[in-house]
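Coming up is one lone chain in structure tokens, specifically the form predicted alone.
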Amino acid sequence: MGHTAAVAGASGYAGGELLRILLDHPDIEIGTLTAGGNAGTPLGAHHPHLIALADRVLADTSAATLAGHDIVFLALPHGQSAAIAAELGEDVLVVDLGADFRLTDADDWTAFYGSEHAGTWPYGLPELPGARTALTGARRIAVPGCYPTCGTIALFPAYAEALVEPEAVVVAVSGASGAGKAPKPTTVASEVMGSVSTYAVGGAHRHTPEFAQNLSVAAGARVTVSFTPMVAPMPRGILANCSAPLKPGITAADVRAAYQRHLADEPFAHLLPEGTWPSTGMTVGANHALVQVTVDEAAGRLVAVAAIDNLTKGTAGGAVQSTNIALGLPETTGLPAAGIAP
């Protein structure tokens, strides 16, 4: 029997990508679509590529308009999901693509987001140790940030097997869609084309505590993360370059064997053959994370590189993957398994 789903924030990038995926999901029927300032307009005015839904008129975003569905996806800016979720019944599966319920530490939330912590929901990164158990049968899911999705998949095998010291460095470059659909001076074409820039340097990015939280879960001990994000002149994709000091006696063979053990059975996280390095172009439109790992012998560091599509595996695809687990469906149901090239 199928499930009905409402999507709040349907006119944004995350909402549009979610709808693209749900159109091919055999067990989920798309119901009400809502928006904020774009309420009252047809979806096709914002996502003309979604032909089958183009005539749907966007409703106002409220608990009342979202009620009556089995699943509610909230693709809203941070701080807007908690109030709506509180009005939805416990029998509804609520999947928050925003940040409101990702962090376990209330002080971290307040420090990075500047408001009261709304609580913590099961974390929607199935590859992270323990996550699938927490997601099974869940009625609330917090979808990870796109940067932490990529960097966590790159590093968690090393921390799960205690191969590296608890101090990671992540430098990741994202396409401009990671900043959302609303035009900003730093993301319009005239600023992005032909230029690579960095921002939120020195631990200021809001995904920093999420990185530390995830890798600490994998390690079973506190891990610090120095995270530097960058924007590249491309619409979508993330490439995360990650490193950490090796513990004494750990070899390159130890590292590769650990990654093979942790990723061999993952449907959407893959260790590439030796000598092949991930690129964002390999992942466009697919729900896959591609990983390569090596050892910098001279520096005594593990180096792991991962690539994802920030809108697919990094947001909407990850949301559907976690939703499948919560509903007891095969994890891969309805998810794009092949990318787009060239």
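Residues carry their position along the shown sequence, with the first being 1. Predicted, not measured: the structure shown is a model, and the values here were computed from it.
The same protein also has a form predicted together with another copy of the chain, omitted here; what follows describes it.
- Not one of Thr110, Pro122 and Val217 comes within 4.5 Å of another copy of the chain in the predicted complex, counting any heavy atom.
- Contact with another copy of the chain in the predicted complex, judged as any non-hydrogen atom within 4.5 angstroms, is confined among 97 to 105, 187 to 195, 147 to 155, 252 to 260 to 187 to 195.
- The contact with another copy of the chain in the predicted complex, taken as any heavy atom within 4.5 Å, belongs to Gly203 out of Gly79, Gly137, Gly203, Pro129.
- Thr41 falls outside the set of residues with a heavy atom inside 4.5 Å of another copy of the chain in the predicted complex.
- In the predicted complex, another copy of the chain sits beyond 4.5 Å of every heavy atom of Leu329.
- Although the partner is absent here, Thr65 lies well away from another copy of the chain in the predicted complex, with no heavy atom inside 4.5 Å.
- Residue contact check for Leu290: one or more of its heavy atoms lie within 4.5 Å of another copy of the chain in the predicted complex.
- In the predicted complex, another copy of the chain lies within 4.5 angstroms of at least one heavy atom of each of the following residues of 309 to 342: Leu311, Ala337, Ala338, Gly339, Ile340, Ala341, Pro342, in sequence order.
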